[in-house]
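Just one chain is shown here, as structure tokens, and it is the form predicted alone.
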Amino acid sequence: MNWFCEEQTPGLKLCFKYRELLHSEETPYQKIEVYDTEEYGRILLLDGKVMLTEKDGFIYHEMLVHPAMGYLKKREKVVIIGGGDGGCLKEVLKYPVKEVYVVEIDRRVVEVSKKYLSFLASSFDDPRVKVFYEDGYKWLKEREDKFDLVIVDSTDPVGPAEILFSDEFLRVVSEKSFLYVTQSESPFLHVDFLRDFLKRVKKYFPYPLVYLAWIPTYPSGMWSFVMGRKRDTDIPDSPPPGLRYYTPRLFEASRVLPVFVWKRLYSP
């Protein structure tokens, strides 16, 4: 029997039975693996951590993209930092955007995804897409133009992605856009990180939102997102048709936090 396991914490592993290891390589930035599994279809791992699965990846991508896109009145220029698998990009392109800039530090993530995850990565062929293989923080800092939305579709806040959760990065983002969204780890396992990060975001975006989604293959299954807003905004508009998880009503419910999370984030 062929199994691989992701160590989610020092005391917790999630294991998958797989049919085939489709790809494995070490790049200057990380280890990239793609497995074909029995239960979750194809799975992309970076440095041994599950980034997405064919079966449940749509939950993460829809909840990262559609709440923020729904708040926008103008949808012309969107930036995605990370997102080399194309899943986030696929959701953004469901709107009549004019330009989408994908800034992915590791070219091989895009190339491997095009080969093995074409159900997502075919989105890179859209003529509205411009891809830059650069450090996202440096790229954004050096741009002189403004954007309608900055989406951070990153790995965990360690290694190359650590800067994307820093004061320096948030300051730059706040200069380039009034709206920003990112994944922010498990509120069940990493609630102290989420609390500290939320305080950081609020310094640059006075109206932050925390909301949740349930993603079976992510650590604990409970996953959080933080949206930074410079002003209070209306309820998101109707999303594009054909989504499998997100609705505006679900988004309103996702902002109601469990008591233990709310207390840790907001109690004195």
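The first residue of the sequence shown is number 1, and the count goes up from there. As the structure is a computational prediction, the values presented were derived from the model and not from experiment.
As for the form predicted together with a small molecule, it is not shown, yet the points below apply to it.
- Screening 126, 106, 99, 156 for any heavy atom within 4.5 Å of the small molecule in the predicted complex leaves a single hit, 156.
- 60 is the sole member of 35, 205, 60, 211 with a non-hydrogen atom within 4.5 Å of the small molecule in the predicted complex.
- No residue of the trio 95, 240 and 244 has any heavy atom within 4.5 Å of the small molecule in the predicted complex.
- This chain is displayed without the small molecule, yet in the predicted complex the stretch 50-58 from 24-32, 196-204, 227-235, 50-58 comes within 4.5 Å of it by heavy atoms.
- Taking the partner from the other structure, the small molecule in the predicted complex has a heavy atom within 4.5 Å of a heavy atom of residue 183.
- Taking non-hydrogen atoms only, residue 91 never approaches the small molecule to within 4.5 angstroms in the predicted complex.
- Among heavy atoms of residue 223, some come within 4.5 Å of the small molecule in the predicted complex.
- The closest non-hydrogen atom of residue 219 lies within 4.5 Å of the small molecule in the predicted complex.
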